[in-house]
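Only one chain comes next, encoded as structure tokens, the form predicted alone.
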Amino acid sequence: MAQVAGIPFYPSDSRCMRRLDELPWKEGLAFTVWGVRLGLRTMDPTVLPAVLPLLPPGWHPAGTLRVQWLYSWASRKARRRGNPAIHTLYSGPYHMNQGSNVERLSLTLAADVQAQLALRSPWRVFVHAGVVGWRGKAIVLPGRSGVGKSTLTAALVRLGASFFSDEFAVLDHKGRVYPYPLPLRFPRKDGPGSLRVPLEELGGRSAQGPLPVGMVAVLRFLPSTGLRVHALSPGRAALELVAQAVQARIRPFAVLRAAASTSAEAVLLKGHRGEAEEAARFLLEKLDS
């Protein structure tokens, strides 16, 4: 554990953390989300307006300064007058990124906060998946980046489904899924990285409250192919969810319980798809049937 204001961070013998603790920190924030307490300290309070909108949905100030993971945002003035300040971002004792682009460093911080949250949450199981709501039930699309889940999630939203997430399915032990409505991310066509698209640009709406899972569809995008799917057994569907669960190795019982509950009464499908619009219409019709 650590405090935002200067107490050495675990591991206490970390030379890097001892050096960081000695810097002139100006402002700090301890916040809680999904049972995880995280902290951010900065030498330049003006960077906070860029960071706060990127924190996970549902965060709120913690009731204590003692945190489980601490971020340090160090800043120094440029050597030449008129040049922007240079910022260095640390996750715990680990150097993450450096530069003068506050927006880029803020996105790096936000991505790592999501990773720490998914890894440390004692209340929820985080599964890499896109999720939408449809007529009182959730459709979960497990898969890591590159399988086309963001594109399919967006197509479902355009057809009227409510948006839960295109990053994680946040599950409880009963198999219910909770909203995690960060902006959708699509691969850039003009270079590396991703493009963040607000839900409003898709004409969609955010989901309200948890929903039982009505469908788990493991679909991989294959260009120039049609839609081909087959049914999964509850056991195999649960294994697909476990394979995408962040805490599968450190909380195996909780992950297995959530995956089994999610798969127990849902429509379970696996296969590949071509166009996202065709697949989205098929999934909604299948859930309605």
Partner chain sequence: MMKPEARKNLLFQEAGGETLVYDLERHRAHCLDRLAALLLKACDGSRDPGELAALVSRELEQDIPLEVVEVGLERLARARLVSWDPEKQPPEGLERRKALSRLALAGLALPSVLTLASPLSAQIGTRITPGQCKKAGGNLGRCCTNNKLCILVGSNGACSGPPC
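This one's a predicted model, so the numbers in the text were calculated from it and none came from an experiment. Residue numbers count along the first chain shown, from 1.
Note that the form predicted in complex with its partner chain isn't included here; everything after this is about it.
Segments offered: 115-123, 153-161, 174-182, 73-81. Contacting its partner chain in the model of the complex at heavy atom distances within 4.5 Å is 115-123.
Put simply, residue 229 is far from its partner chain in the model of the complex: not one heavy atom of it is within 4.5 Å.
Residue contact check for residue 234: one or more of its heavy atoms lie within 4.5 Å of its partner chain in the model of the complex. Mapping the unseen interface onto this chain, residue 32 falls outside it, with no heavy atom inside 4.5 Å of its partner chain in the model of the complex. The shortest heavy atom separation between residue 85 and its partner chain in the model of the complex exceeds 4.5 Å.
For the options 43, 256, 62, 55, the one in contact with its partner chain in the model of the complex, meaning a heavy atom within 4.5 Å, is 256. A heavy atom within 4.5 Å of its partner chain in the model of the complex is found for exactly one of 144, 135, 104, 205: 144.
Although its partner chain is not shown here, in the model of the complex the stretch 222-256 places heavy atoms of 233, 234, 235, 236, 238, 239, 242, 243, 244, 245, 246, 248, 249, 250, 251, 252, 253, 256 within 4.5 Å of it, in sequence order.
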